[in-house]
Every structure is written in structure tokens, then in C-alpha cells.
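So this first bit is one chain, no partners, the form predicted on its own, shown in C-alpha cells.
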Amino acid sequence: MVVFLHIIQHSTVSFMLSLRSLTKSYSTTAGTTRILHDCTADIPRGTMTAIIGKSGSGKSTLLNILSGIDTPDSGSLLINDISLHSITEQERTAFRRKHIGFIFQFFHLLPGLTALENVLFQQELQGRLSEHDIRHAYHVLESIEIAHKAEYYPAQLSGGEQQRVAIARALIHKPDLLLADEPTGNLDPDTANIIFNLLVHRIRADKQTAIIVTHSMEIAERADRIYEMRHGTLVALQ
């Protein structure tokens, strides 16, 4: 545990992901369904990667495994030479909180908290909220043009505004790895374009490694590389 925490504290700013033969199946009353089959890829540090594919092809399952939320049945995943699924659940949680940001399609904001409180929720939960954290949260909200709604509750915000808050929440701890699951899929085209432009600007400015799942080829083509999920396997398109 001590060695692992030392690695966390001294890891580099951006990530390298190495996926080797990841598989994942789920059992239901109807039988066993294989979602991922032999997923293999290398994601260089500081790049933006898009993953496209049909609904149900396994894209979200893969993101959950990359974040440590879920575990594969077999195969290996290295993030900066750390085997994410060979460490304890406690270590994985600590790693995720420090190094990984996750943006969901459906926002997942807490309705009883303001925009600012949603962004700062993890810090508050860990009992280490400071004035610096609050100032930094305002700065992040300002960078994606939603600081003027900091004291509004989710129900008072439009879909695009809620997604901006969700993006700020994912960015607040300056994650090395950003995972986004259809980050604009629940928005109208004009709003989606504005939000994605803001997101790309932050990713490029902070030199983050980002993996974005999307149905939109227009969005995917702005990435450095594109993979398609076909029958549970990653196929490189560019």
C-alpha cells in the first residue's frame, strides 16, 4: 500500500494506457452475454482518443473498466505501468479520485446541491474543502462559461448548463486521464458543439489524455485517433 501511494504521488502529468485482450461478460437469466472480446490498444500520453460504435457494442463497459469502476474477466490494463486491476479496491478508489475524471451523458448532478457544491462535492465528502478549492472551482466554472450560475440548482439549469457543471466537476482535480461517455449526446446540435469546443480547449490546454465515447463522427474526427467498437473488439480507424 505504501509503495502504491508513493507511485500515485510521483506519477507523471499525463497517462499512457495499455490494454491487452480485455474481456467482459455478464450473466442473466437468459444466459451469458459477452460484451468485450480481446480489446487491445495503446493510448499515448497527452492524446485525445475517440471510440465510436453502435449502442450496446460495449463502449460504456470499456470506459467503466478503464476507470476502475468495473473489472474485466480477463486481460490486462496498465495505466502508467500500474496494473489497475491487480491492486486493492481501496487503492483503486484512491487512484481514481486523484488521477481520473469522468463525464457522463446524463450529468448525474445532485439535485439538492448548487452548481458550485456539485463541483466541490468530492472535496467536501473527504472533509478537506478549503478557500483555495472554492476559488479554483469558480475558476474552472468560469473557464467553461458557467460561473454566473454557480449558486443555481440543477433544476434551474438548462441541459447544456448542467453538462458544463458536470464537466467542471470532472476537471476540478486536474485529472491526468479524462473519460467522457457521450458528453454531448443528450444536447441539441448547437449546444453540443459549443460544449465540445470548450471541452477540447481544456483538454488541449491541460495536455490531458482523454478518451471520448461518441456516436458522432464529426466529434470523433477532432480526436488524434479513432477506434470503433465492433462485436466487443476495438478496431483502429486512424
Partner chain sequence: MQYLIRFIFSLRSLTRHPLQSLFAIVSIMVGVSLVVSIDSATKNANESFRSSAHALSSSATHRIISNSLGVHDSVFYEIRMTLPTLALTPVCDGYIALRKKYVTSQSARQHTGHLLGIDALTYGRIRTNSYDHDYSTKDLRTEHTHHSSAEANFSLVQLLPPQLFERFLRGDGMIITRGLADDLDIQTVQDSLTVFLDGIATHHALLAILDNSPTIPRDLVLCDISRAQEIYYHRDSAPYPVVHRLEFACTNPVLLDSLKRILPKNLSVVAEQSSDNSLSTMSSAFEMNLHALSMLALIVSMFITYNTVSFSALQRRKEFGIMRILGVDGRGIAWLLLRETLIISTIASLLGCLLGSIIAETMTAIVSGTINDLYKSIGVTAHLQWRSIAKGCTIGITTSCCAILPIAWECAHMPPRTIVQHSTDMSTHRSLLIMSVAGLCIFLSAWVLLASITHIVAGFVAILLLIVGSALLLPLIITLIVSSVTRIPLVKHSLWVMIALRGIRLSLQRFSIAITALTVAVSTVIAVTIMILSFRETVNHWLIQTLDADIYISPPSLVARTATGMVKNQLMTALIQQTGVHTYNTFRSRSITLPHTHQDRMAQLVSLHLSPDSYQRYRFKEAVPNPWKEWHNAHTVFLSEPLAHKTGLHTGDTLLLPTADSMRVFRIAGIIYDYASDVGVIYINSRHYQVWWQDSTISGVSLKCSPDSIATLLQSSRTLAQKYGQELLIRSNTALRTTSLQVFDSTFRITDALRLLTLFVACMSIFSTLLAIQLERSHEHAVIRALGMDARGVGKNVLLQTTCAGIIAGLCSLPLGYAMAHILTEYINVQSFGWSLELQVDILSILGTLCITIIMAVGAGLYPAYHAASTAIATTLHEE
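No experiment lies behind these values; they were computed from the predicted model shown. Positions refer to the first chain, counted from 1.
One more form of this protein, predicted in complex with the partner chain, exists but is not displayed; see below.
Trainee: If contact means a heavy atom within 4.5 Å, which one of 191-199, 63-71, 206-214, 42-50 is the stretch that engages the partner chain in the predicted complex?
Mentor: Among the listed stretches, the partner-contacting one is 63-71.
Trainee: Mark Arg169 yes when one of its heavy atoms lies within 4.5 Å of a heavy atom of the partner chain in the predicted complex, and no otherwise.
Mentor: Output for Arg169 is yes: heavy atoms within 4.5 Å of the partner chain.
Trainee: Does the 4.5 Å heavy atom contact test between Leu120 and the partner chain in the predicted complex come out positive?
Mentor: Yes, Leu120 lies within 4.5 Å of the partner chain in the predicted complex.
Trainee: Does any part of Asp81 reach within 4.5 Å of the partner chain in the predicted complex? Heavy atoms only, please.
Mentor: Taking the distances in the predicted complex, the answer for Asp81 is no, it never comes within 4.5 Å of the partner chain.
Trainee: Should His136 be counted as a contact of the partner chain in the predicted complex, where contact means heavy atoms within 4.5 Å?
Mentor: Contact check for His136: no, nothing within 4.5 Å of the partner chain in the predicted complex.
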